[in-house]
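Given next, in structure tokens, is a single chain: the form predicted alone.
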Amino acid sequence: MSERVKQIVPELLDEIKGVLKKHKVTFAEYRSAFEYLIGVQEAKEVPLMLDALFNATIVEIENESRKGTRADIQGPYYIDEDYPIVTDELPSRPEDAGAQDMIIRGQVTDLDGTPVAGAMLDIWHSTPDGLYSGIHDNIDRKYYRGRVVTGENGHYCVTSKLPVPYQIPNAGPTGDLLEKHLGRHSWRPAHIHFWARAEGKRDLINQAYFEGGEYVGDDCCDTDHLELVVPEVIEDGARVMEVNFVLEPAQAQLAAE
């Protein structure tokens, strides 16, 4: 790791210094940026800002070495690896009973199309009003989070409630930078998060999006990968999200690193 630091950090600093010199940044402007970064820290928005500005670039780099389904950003709302196993539905809040039902299903295969049995899929998404359990408004972390395990044919299926587009926190310095200074918006399209793991396979973090959904292709987090935009299919009133994954051997991950 120290060799990577020696390799990357000096070059990164040189690039930043080059931009400062190119634009003849004044001392007052430098101090203003200094105070802004202090504000980011005080607002506890460092993870938010880094994910909004740079996560998509790191994913783009990683995807250069991927042969299966391409990755997408993880986002800051994955809590930890202790997700409960679910076999039928992600737990939903009682007050969301009237929200539209959703069926999340699909198959996990390898590069040859062979089903991957026993693959674990961590799944998490927002509430029907755009919040995340365990993060916002003291919502119990048990809601809209769970881990499903694929069967012998690599299939999985779980039900939930439909998420919606939402704004990332925009009242602090990150929102101020995006909206006021860069002229961008702070909205994310509705999406479902996945983290696929299987023995001997390379981990895959991804997101599935809703075809025709607002902000799809115009994500404030610069997520242009959109590998998994799912066509609109309704079954018995429920929106079906057919999300399939192709996992490559774990050796590919070692080679990439």
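Just count from 1 along the sequence shown to find any residue number. Bear in mind that the values here come from a model prediction, so they are computed numbers and not experimental data.
What follows is about the form predicted in complex with a small molecule, which we do not show.
Partner contact region in the model of the complex: 166-174, out of 108-116, 151-159, 82-90, 166-174, criterion any non-hydrogen atom within 4.5 Å of the small molecule. For the three residues Gly75, Tyr132 and Cys221, a heavy atom within 4.5 Å of the small molecule turns up in the model of the complex in every case. Proximity of His193 to the small molecule in the model of the complex falls within the 4.5 Å heavy atom cutoff.
In the model of the complex, the small molecule sits within 4.5 Å of a heavy atom of Leu48.
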